[in-house]
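A lone chain, given as structure tokens: the form predicted alone.
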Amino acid sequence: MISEYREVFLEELEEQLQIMDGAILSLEQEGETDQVIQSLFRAAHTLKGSSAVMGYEEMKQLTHEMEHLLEQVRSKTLRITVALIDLLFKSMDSLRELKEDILRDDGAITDVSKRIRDLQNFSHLPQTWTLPVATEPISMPKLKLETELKVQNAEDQGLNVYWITLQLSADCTIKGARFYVIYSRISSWGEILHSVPDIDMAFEQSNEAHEFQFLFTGSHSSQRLEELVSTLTEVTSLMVEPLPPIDRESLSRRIEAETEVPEKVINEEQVQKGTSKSQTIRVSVERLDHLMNLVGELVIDHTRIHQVERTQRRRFSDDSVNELGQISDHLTRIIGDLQESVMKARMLPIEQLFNRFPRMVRDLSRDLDKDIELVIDGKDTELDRTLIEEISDPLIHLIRNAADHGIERPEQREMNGKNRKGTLTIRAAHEDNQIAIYVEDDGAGIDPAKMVKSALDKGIISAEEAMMLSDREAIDLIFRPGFSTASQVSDISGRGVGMDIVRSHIEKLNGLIDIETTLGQGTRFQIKLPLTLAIIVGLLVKLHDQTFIIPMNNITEIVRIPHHDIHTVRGQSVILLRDQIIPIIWLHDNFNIVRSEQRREYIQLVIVGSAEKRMALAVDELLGNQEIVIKALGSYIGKVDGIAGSTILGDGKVALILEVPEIINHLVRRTVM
């Protein structure tokens, strides 16, 4: 019985893990708020309950200890520190390992007893408010935009800015009044830009608080400030920390963001809502796939009805033909709406994938000792569920490469006149009936000369090939198996397999990938994917008397050129298109089809692409585009090189669908040989 609910539990588990990851990250970056703590506590409590029902004892114990710790934070007996954030993140890693155990379902269970002991020991530590000064970094509250502007103004005036954190004696009975006195004394030495609690809320909050924080600006040194604060009575603990210089580029972006799109507000609302339920039900993917297959059959039948209507209209002109036309038009609208509805049911916001990256970039920043700001845009962009699962690995590799090889170390960036903090941007959008995903960094860029040298050193290309490479082709070497510019292999990169995996995944999804890079300024990877893999739009082309279909998402453009524009390079026919050399393939030769004897003045070329490669397919005639449903060739025929499958046309004939990545790879293999 329990196995029937396993899939539902796993889906809920992933949702709760994402909520918890986001909440812990929010605690680290934006400071402690009641809403975030409550959201985190609620997610841990939910997981504890559901894992107990399912009989996953280790997960129940782990979430129980996390919940116990968070309860202390919620009741203000434990404060958020860097050590606590790290422990919570490690506990999340353990939860994900337990999730993998459930997915494998082989009986093996990860030992999380040490993590449970860590949580128990942490919660049993004496949490007094008289800890020695600065034993560990304290989580500072995130500043509002107006406060950051005040900090910037103070820096411009040459003033120092410090965080003053102090704790009062537990014996202090009138903490609210004491807070006012301390606030007044510190204000007399300079200016308080921000305080916790806020001066306007002091009456309500300071009587219960033990610890106060002040963002102070003035001309005093930190040592002099410590001497002054030490003279205040009933202060038992003190820490004065200089505020790092304000990131002015980040501040400018924040001003633009807060004045244009209130996305941050939306995110906070999502965290606050936590597990709020909408009017939805869970449907298995298999049922949606079956529904999509039925829609595909309808699309094929409708294409045939439309063909019959056109045939009858050429033969007859009575009312019955007009009525058939009306029925065909009505079916067009109904099937179109039905197809769109089913496709939308399979769509998920790419947010589900993007939410994994903030934690990953945080860990990479620490491991690489770099300061990286992650900017995510287009979270609401919807993508087919299958594509979201498939595109995950390529994006992870691109992000790891950008962090490791793209963004420089802070000191190097400073020497190059850049902000010490690097920016990594991930963006998704609908473009031209496709999904475009961008991974962009403001790092060092890719040096073509360095790429060629590295490829030569590793024996990936010959000296002769290196001489003929353009800068663009040199940069595309990054996708060659075994290629890497890293001098040392690390846990993050250097083995030369990451970008090869990116290319193969993009090819598998019938997608395209392009690189734009400027030395010293950064690199942008652009990935384009079809909206769905079930029903696609194809271009019908004629080769002699046979019809083939080229998937539209593989087509970059169509050109018509005179024969004298075709050149030969090393025995291969090519064209020069906007300074790019593109090889030509006569599909007739590939499929043993006789070329037309009639030599025409112009030749039709369909420029296609797969991942980073581009190629021109020579065809006899363009017939137009049409929605098609990909059908397998069946076990009797089996796999045919260069053919992805088949479909049924409106006249009832079968047309073969070209497998562009395989055709391109065939040419590459032939060229290498």
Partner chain sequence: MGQVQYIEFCIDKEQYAIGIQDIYEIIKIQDITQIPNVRSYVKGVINLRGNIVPVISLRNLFDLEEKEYSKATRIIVVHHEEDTVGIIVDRVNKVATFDDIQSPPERIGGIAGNYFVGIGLTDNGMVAILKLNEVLLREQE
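Bear in mind the structure is a predicted one, so any value in this text is a computation, not a measurement. Positions refer to the first chain, counted from 1.
There is another form of the same protein, the form predicted in complex with the partner chain; it is not shown, and what comes next is about it.
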Self-check item: Stretch in contact in the model of the complex with the partner chain, which is absent here, among 619-627, 29-37, 66-74, 643-651 (heavy atoms within 4.5 Å)
Solution: 643-651
Practice problem: Using a 4.5 Å heavy atom cut-off, state whether L25 contacts the partner chain in the model of the complex. | Solution: no
Quiz prompt | Exercise: T280 in contact with the partner chain in the model of the complex, heavy atom 4.5 Å | solution = no
Quiz prompt | is_contact(L17, the partner chain) in the model of the complex, heavy atom dist at most 4.5 Å | solution = no
Exercise. Considering only heavy atoms, tell me if L656 and the partner chain come within 4.5 Å of each other in the model of the complex.
Key: yes
Self-check item: Of R427, H220, R310, R304, the one that lies within 4.5 Å of the partner chain in the model of the complex (heavy atoms)
Solution: R304
Practice problem: Just give me the single entry in K631, H45, R614, K60 that has a non-hydrogen atom within 4.5 angstroms of the partner chain in the model of the complex. | Solution: K631
